[in-house]
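The chain that follows stands alone, in the form predicted alone, written as structure tokens.
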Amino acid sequence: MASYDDVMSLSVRRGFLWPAAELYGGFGGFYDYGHNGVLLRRRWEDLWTETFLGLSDNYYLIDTTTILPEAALKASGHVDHFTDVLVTCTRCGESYRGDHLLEAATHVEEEGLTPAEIDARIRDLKIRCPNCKGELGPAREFNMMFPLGIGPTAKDRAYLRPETAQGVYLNFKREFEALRRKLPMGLAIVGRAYRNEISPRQGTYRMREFLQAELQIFFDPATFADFVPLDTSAGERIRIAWAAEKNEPTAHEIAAEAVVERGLPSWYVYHLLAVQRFYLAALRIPRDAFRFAELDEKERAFYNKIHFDIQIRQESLGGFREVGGVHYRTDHDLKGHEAGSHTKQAVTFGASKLVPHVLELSFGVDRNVWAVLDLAFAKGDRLVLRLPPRLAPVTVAVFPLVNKAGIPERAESIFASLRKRFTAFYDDSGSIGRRYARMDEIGTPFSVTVDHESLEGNGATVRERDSQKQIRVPEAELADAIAKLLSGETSVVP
């Protein structure tokens, strides 16, 4: 079981991530990635892009500005509705999110409450300021966007984008024309967003600057199911906690067709399955550590008609935590921008003219990176980061067994060859056991050791991280052997 301190200690020591601006005492809600963290994060992003753009030949990656004018965010509803409830101590002035204060006292999620309801709950539970035990002031709504003044006199008001989605909606019509007027059409962004969180906490789980990977799928609700038919013959079951049960640490295993029978559109269930496959098959998340959690009308975002959180159980964060979501946003966003910009967003598709609806697949990249670190962390007689091989920052390490007798030169030659195909690392410092241990701690799945037999033409040993088993592979076959190990086609373990 990994504690938060365990994962963060490893993360800092081995160059994954740490609080930003540590020289100046830290900077709440902001984190920096080190050399291994960036590689892990990019591996995750690449796998995400490959998976979800692969759902259709009309899904594409774009990139947009991170600063948006106030008018656009007024039209989207963020200026008026993108709020959390703020509670401030009357004695020390410390500020808190109201729902977080309640959750700390009740140990259940307390989302969707109004300021008046939070005030009543604080009185009933007799909650005082966690910092000084002073009396808490009245709750009020707080807009989480970062405002900006644009231009030398700052007369033009703008905001750092609170989500990547709005950039997609603003570019919908241009992309629809450029992509030859076809629906469904998917536009994805992997990029930064900004939210002025009242009380950032739990590391990368709640940040003020963070990375999102989002796919916005524009579709005609009358025909979308024809493009993504739900194959019920496969017998796949979806792990779901319904809204009334999401505070429980369990999930139901429900057949896809049974989920449709409960009232969810078949195209929505199709995408739940696609997301579940990504986590269970591509990321190798244990099945019992994954689930969807339904949000009811009171809890879900103002723009969503159907909203299921994607959750992963993380011991370092105390249980199931949200890492993404599947959101049916209807035509809310495009109609909002149509009204705000006075520019029609309806398009002609087949015999219909409509403002497309939107299905959003949204993922917090930083949250997912932390979840991967949490689940991969294993500490027994040795500390190992059991990352899926495709996510590991370094694929293969190369070691000379000893630094003499021509062995380093042969090892360097092998390293030069392998690094043409893989992210490789060369290490000749310390005992071979210590070198293995260092690679285990950053999740390197395979290590190649060059020894005296290598000089005699007997290849090198390839060690697998988790089992510690070794096989000897001819030097000329090393790259192909590692490629097969990486893909799972072969295994070191008999």
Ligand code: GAP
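All values reported here derive from a predicted model rather than from experimental measurement. Start at 1 with the first residue shown and count on from there.
Below, we refer to the form predicted together with glycyl-adenosine-5'-phosphate, which is not included among the displayed structures.
Participant: Among 242-250, 341-349, 192-200, 148-156, mark the stretch whose residues have heavy atoms within 4.5 Å of glycyl-adenosine-5'-phosphate in the predicted complex.
Facilitator: That would be stretch 192-200.
Participant: Is residue 415 one of the residues lying within 4.5 Å of glycyl-adenosine-5'-phosphate in the predicted complex, judged by heavy atom distances?
Facilitator: Result no; residue 415 lies far from glycyl-adenosine-5'-phosphate in the predicted complex.
Participant: Is it the case that residue 314, even though its partner is missing from this view, gets within 4.5 Å of glycyl-adenosine-5'-phosphate in the predicted complex, heavy atoms only?
Facilitator: Output for residue 314 is no: heavy atoms all beyond 4.5 Å of glycyl-adenosine-5'-phosphate.
Participant: Is it the case that residue 135, even though its partner is missing from this view, gets within 4.5 Å of glycyl-adenosine-5'-phosphate in the predicted complex, heavy atoms only?
Facilitator: The answer is no: residue 135 has no heavy atom within 4.5 Å of glycyl-adenosine-5'-phosphate.
Participant: Using 4.5 Å between non-hydrogen atoms, is residue 327 touching glycyl-adenosine-5'-phosphate in the predicted complex?
Facilitator: Close contact exists here: in the predicted complex, residue 327 approaches glycyl-adenosine-5'-phosphate to within 4.5 Å, heavy atoms only.
Participant: So glycyl-adenosine-5'-phosphate isn't shown here. In the predicted complex, which residue out of 87, 391, 375, 165 has a non-hydrogen atom within 4.5 Å of it?
Facilitator: Only one listed residue qualifies here, and that residue is 165.
Participant: So which of 322, 297, 117, 141 reaches within 4.5 angstroms of glycyl-adenosine-5'-phosphate in the predicted complex, heavy atom to heavy atom?
Facilitator: Exactly one residue meets the criterion: 322.
Participant: Counting only heavy atoms, which residues in 192-211 are within 4.5 Å of glycyl-adenosine-5'-phosphate in the predicted complex?
Facilitator: Contacts from 192-211: 195, 197, 204, 205, 206, 207, 210.
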